[in-house]
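So this first bit is one chain, no partners, the form predicted on its own, shown in structure tokens.
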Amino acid sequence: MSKFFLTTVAFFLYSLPLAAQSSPVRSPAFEQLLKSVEHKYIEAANIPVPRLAKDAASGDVKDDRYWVSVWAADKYERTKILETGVDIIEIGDNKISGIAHKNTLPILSEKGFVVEDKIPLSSYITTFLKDFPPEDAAYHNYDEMIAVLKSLAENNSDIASLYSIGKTVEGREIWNLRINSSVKGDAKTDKPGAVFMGEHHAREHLSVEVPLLFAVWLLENRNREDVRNYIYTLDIHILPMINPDGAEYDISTGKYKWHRKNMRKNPDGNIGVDLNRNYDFRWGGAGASHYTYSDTYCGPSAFSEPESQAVKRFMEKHRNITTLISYHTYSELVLYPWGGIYEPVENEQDRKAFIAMAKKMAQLTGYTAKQSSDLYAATGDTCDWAYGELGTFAFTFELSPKGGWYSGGFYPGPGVIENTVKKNIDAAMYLMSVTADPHSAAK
């Protein structure tokens, strides 16, 4: 069964009451599929997902990483832990939890950090066959994402176009669905622009669903007054999968791999660069890992990777873009610059706008708004670069779950998709309402 139909059905009940001003025509074939597909969606969403059940078959997979808990008193210590190569995923009152390569463990000890616990990551990886596991079939892999985007562009060709902003290390296209009533493809426009992008990090599959399904919702509701106004006055770009190589690798061999990076083959044999540490803004500084085996390896140089280069070229060509959301998982946060330094944004007018927008979007989603470096300092990320170099009001959204390990973490199952996307539709609509004048958010 096509996931495009499943996507449409999942949002049919949500979009219908919001689209009272238009009466979309639904073919008999769609009506016939409605009950069947909706049943499959609900059935999948209700499957219990024992994410942490130990997999006896996982011993045959070589993985030198551990899930670790390390004592850390504050954001300054958390930054130092990042620099050892730990990928911090969860933050408690006095400690962090995350992923560390075996080579990182002695470095932590040398730096005086206490590792409270460590669990071989390979002991807790879910088994499935060559794609998302059956219980996660609602998620879109790369080809399925492309099919949805192509269908949206073809069925809304008067206002939507689909094109690639560049290729990945392994030669996959990075697709952008552009919604604009006056230009198509990569043509320039003076309309204020908004960007919604997902999956810089391979294992964060929910970050694909949010922008992808937002695109479905927008075009299904294109005749609603406020949506129509944005379509005709703004330049909307939706790039659901910045790291398709890593995303496909994460679901390719029978087990979720907890893979974060792209698929760059480093000279020493280690795989990948963290694309969200590879942007050229304070690159390689605080919080950066220069160890190739680390999940947060920042690369040999800024913009060393074709994926981050593609985003750079895209953003630099479209200087009309004023707002951006980069979706990640997880923790339910709305984060704003700076992420690479502890100091706040220097420009008072910009800072007030960032805070006002973040608070409003946090209110709409139920998330928590904060400056990125309140967690820890991490240089070279997308949003610091977009704001620091281009003046774009850029936000990082950490999606569901709020807790992690025992709530599914990066693999929370299909039951979270609908609620997460609904909440983030409201936030995205709000962002578009201030895209023409971001400073208006603070007035």
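The numbering used is simple: start at 1 and walk along the sequence shown. Because the structure is predicted, anything quoted here is derived from the model rather than measured.
In what follows, reference is made to the form predicted together with a small molecule, a form of this protein that is not presented.
Novice: So the small molecule isn't shown here. In the predicted bound form, which residue out of Leu335, Ala202, Leu212, Ala194 has a non-hydrogen atom within 4.5 Å of it?
Specialist: It is Leu335 that has a heavy atom within 4.5 Å of the partner.
Novice: Looking at Arg178, His328, His140, Arg222, which is the one with a non-hydrogen atom within 4.5 Å of the small molecule in the predicted bound form?
Specialist: By the 4.5 Å heavy-atom cutoff, the listed residue in contact is His328.
Novice: Taking a heavy atom within 4.5 Å as contact, would all three of Glu173, Asn262 and Ser308 count as contacting the small molecule in the predicted bound form?
Specialist: No, none of Glu173, Asn262 and Ser308 comes within 4.5 Å of the small molecule in the predicted bound form.
Novice: Considering only heavy atoms, tell me if Asn276 and the small molecule come within 4.5 Å of each other in the predicted bound form.
Specialist: Although the small molecule is absent here, Asn276 would touch it in the predicted bound form, with heavy atoms inside 4.5 Å.
Novice: Under a 4.5 Å heavy atom criterion, is Tyr387 part of the interface with the small molecule in the predicted bound form?
Specialist: Output for Tyr387 is no: heavy atoms all beyond 4.5 Å of the small molecule.
Novice: Answer yes if any heavy atom of Thr168 is within 4.5 Å of a heavy atom of the small molecule in the predicted bound form; otherwise answer no.
Specialist: Taking the distances in the predicted bound form, the answer for Thr168 is no, it never comes within 4.5 Å of the small molecule.
Novice: Taking heavy atoms and a 4.5 Å cut-off, does Trp67 contact the small molecule in the predicted bound form?
Specialist: Heavy-atom contact with the small molecule at 4.5 Å: absent for Trp67.
Novice: If we take heavy atoms and a 4.5 Å cut-off, which stretch out of 233 to 241, 368 to 376, 316 to 324, 263 to 271 is in contact with the small molecule in the predicted bound form?
Specialist: Every other range fails; the passing one is 368 to 376.
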